[in-house]
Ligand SMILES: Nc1ncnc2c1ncn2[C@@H]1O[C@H](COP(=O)(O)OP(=O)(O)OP(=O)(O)O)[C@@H](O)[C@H]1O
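So this first bit is one chain, no partners, the form predicted alone, shown in structure tokens.
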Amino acid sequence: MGEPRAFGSLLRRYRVDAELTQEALAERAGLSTRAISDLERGINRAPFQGTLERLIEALARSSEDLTDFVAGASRQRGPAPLSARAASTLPVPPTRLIGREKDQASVVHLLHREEVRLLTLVGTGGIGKTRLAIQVAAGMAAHFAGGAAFVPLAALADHRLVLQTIVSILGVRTPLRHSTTDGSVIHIEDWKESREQALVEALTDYLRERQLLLVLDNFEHLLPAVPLVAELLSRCPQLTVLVTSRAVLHVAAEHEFPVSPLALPDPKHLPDLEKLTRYDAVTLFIERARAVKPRFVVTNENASAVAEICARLDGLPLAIELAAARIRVLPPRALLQRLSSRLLTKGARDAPARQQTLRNSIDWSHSLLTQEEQRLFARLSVFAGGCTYEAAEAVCNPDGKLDVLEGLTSLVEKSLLREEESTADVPEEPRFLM
């Protein structure tokens, strides 16, 4: 067989032979007309494997033609410089990060440790895990020869898509086999069966010698994909993975970093205005309020209401941002009096759907629970100030059908409960709070 022809030329020839316009081929393959045009003109010279598979099926060529077609794509494949591509995947936050200086320093310190190659930022929805991860990755990108790459996973509904998403984000050009070991042509059925393993091999080959910080954002609903992360870490010795999740991953290499609420003032013992505005939760409230009402200021008259709002919202950044947006029409005292889940809606339109309302954020976490965990979580809601294990056992498990200890552990690990440890001053058993 001679030198393979350029992929774009082959694509155009096969399309014309099939008497298809670019529009018709695009519709049949489930692609855009622009994508077909870019491939034929050589603007995109190396399609991803999924794109190539769609084109092959749409063109219905013979196995011999398939060999030439795949070879044409393979010939032009080569990875873009990882540092440039990886750096371009980091989102640029629209606002500054408030109140995470110590957390950022702690996370950076952990990632500098040789034994920490998988670090999970874990915390409840809206606590600011993604924002912290982006800040850390941006600051540490130069520390890794391959930079830092950000892979958003919230939109995925199937854990089997995690692999393809990572491959696509990194721009890994997968080697497409166009012949079998005995030199015969490959059949598309055989190719489909080996696609996932081919992607794994291509990704590990790509990362094996590269020093990269890989950020996997919003992993909690894709936990069956955890073995993939473990495999990448075992086969790619220079890879470091930073995960954000509402639930821990439970793998041997994992180190956890709990992301806590923002620092709060005590509404019953307010400091002076200057000190009050230094509290991270109050600073965030003021900044987001001024975004919708530029002349907003904290005064002696509204200071207690602002502090109480932040306290009532437990220092949760998402909740504070949603509440502050209401300052446009409600002054702090009126906002406090009407504070409810109905007010904590209508977040930024460019925010993920799960974070446009506080209820959506809670619903997202609740949907990931088992039926037994949902039942226990509902029963725990009767405790206004949290409870001990014994109290939860007595109140939530009257029929003895629930494993309360296992349930409490899971709810803590999934960031729907937080554990308040006892202190020397209050030597009691830990309490569990929502």
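So that there is no doubt, residue numbering starts at 1 and follows the sequence shown. It should be emphasised that the depicted structure is a prediction, and the values quoted were computed from it without experimental measurement.
Here the subject shifts to the form predicted in complex with this ligand, a form of this protein not shown in this document.
In the predicted complex, Arg338 stays away from this ligand, with no heavy atom inside 4.5 Å. The shortest heavy atom separation between Val243 and this ligand in the predicted complex exceeds 4.5 Å. At the 4.5 Å threshold, heavy atoms of Leu284 reach this ligand in the predicted complex. Of the heavy atoms in Leu270, none are within 4.5 Å of this ligand in the predicted complex. Residues with any non-hydrogen atom within 4.5 angstroms of this ligand in the predicted complex fall in just one of 225-233, 328-336, 94-102, 200-208: 94-102. Checking Arg173, His221, Arg288, Arg117 for any heavy atom within 4.5 Å of this ligand in the predicted complex turns up a single hit: Arg288. Gly125 is the sole member of Gly147, Gly125, Pro265, Pro261 with a non-hydrogen atom lying within 4.5 angstroms of this ligand in the predicted complex. Residues from 128-146 that approach this ligand in the predicted complex with a non-hydrogen atom closer than or equal to 4.5 Å are Gly128, Lys129, Thr130, Arg131, in the order they occur in the chain.
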